[in-house]
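First, one chain by itself in structure tokens, the form predicted alone.
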């Protein structure tokens, strides 16, 4: 199925929140760019019909995309609806009928994983799986064992080349630009190793709480929700070896090698926190020990990175909403070492804006033999009409390009790293909303030179 364009898209969960916020706007933009001109079949349970789905799609696109009547008319011409229970064989016979002459459909499971077994079995029994590929949303399990079972289920009906596991972070241009920036610019590669780099840290901060997602978040937590997937992907982009070729498998091979080189998490390498007031959130257990913040220290046992500590931090109710990377360099021994006040660094900001900054030492004002750190910043200008992450990954999946999707072995290796820790009874420390997590972080998991706390300019 690789590199074969899909001739239909069936997405399950057409009336859900994800469809409203992300999928309808992404499909609309794909049509506007001329990247989608095949039947779109929405499937959902309940009392919906095509007219209601069209109305919901219009509201979604008006709210989350650049709506125009001409493109929406094209969208309506492609849109169909199949209603029914996901356990009812008749539902999938209607899907097969709606597919018509399509021979290579894509089935997008934008639904909770608990429904996967029923749908995957019905796809095969109805003939809908023949020649098809399947897209599944994260989470890919809740631990190593469940990920193994989920992969076993998917691969019992579909080949690995036909399975597309969405991590929308892989569709973000700034995340992929980390790899591009590293390997295209000859400036970095000579110093991108343990000889020159002291440490790296990744921060993903959100200034809001769990909002209305208490039922989901209380059984998930920060490590499962964003670290094990999104931030591990960033770490791999920062530390992978250059692939031999630019095909999808070579790139994904190098990412898996990184994960296999990381030591499993130990209790002393992790600090978990929970913001004060979390226990009062709706649908949260009153004695919950779910973390809303986590910081961890990792080591990559490879010739390039042996001895370099990597620090990852993510949390809710922090001072800002921002994702940022800081790479600190070692001081070079020389006669000037005594006046090198701070180490050089490179700072990558992924969101909300995109920034690349080089921290360099210059002469201090009015002092010939003293230094101060000054940043030289670049702000890459986004291309006009830049693709949203969901638009990018759905476009790739429909075209049969798996580069920006997680492979089976990657998913399993990522879970393997955190599995022992997730099943251990580890403490969770309180922290005040609007701070950078519990005080224990700076005592137990602190990078050399301290954490880089992102700041945003007030508009």
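Values in this document were obtained by computation on a predicted structure and should not be read as measured data. Residue numbers count along the first chain shown, from 1.
Although not depicted, the form predicted together with a small molecule is the subject of the following passage.
Residue 230 belongs to the set of residues with a heavy atom inside 4.5 Å of the small molecule in the predicted bound form.
Using a 4.5 angstroms threshold between heavy atoms, residue 349 stays clear of the small molecule in the predicted bound form. The closest heavy atom approach of residue 204 to the small molecule in the predicted bound form falls within 4.5 Å. Remark: residue 169 counts among the residues lining the small molecule in the predicted bound form, judged by a heavy atom distance of 4.5 Å or less.
The partner is absent here; in the predicted bound form, the one residue of 316, 255, 313, 133 having a heavy atom within 4.5 Å of the small molecule is 316. 225 is the sole member of 281, 225, 198, 324 with a non-hydrogen atom within 4.5 Å of the small molecule in the predicted bound form. Just one listed stretch, out of 169-177, 117-125, 261-269, 150-158, contacts the small molecule in the predicted bound form at the 4.5 Å heavy atom level, and that stretch is 169-177. Not one of 21, 67 and 74 is positioned with any heavy atom within 4.5 Å of the small molecule in the predicted bound form.
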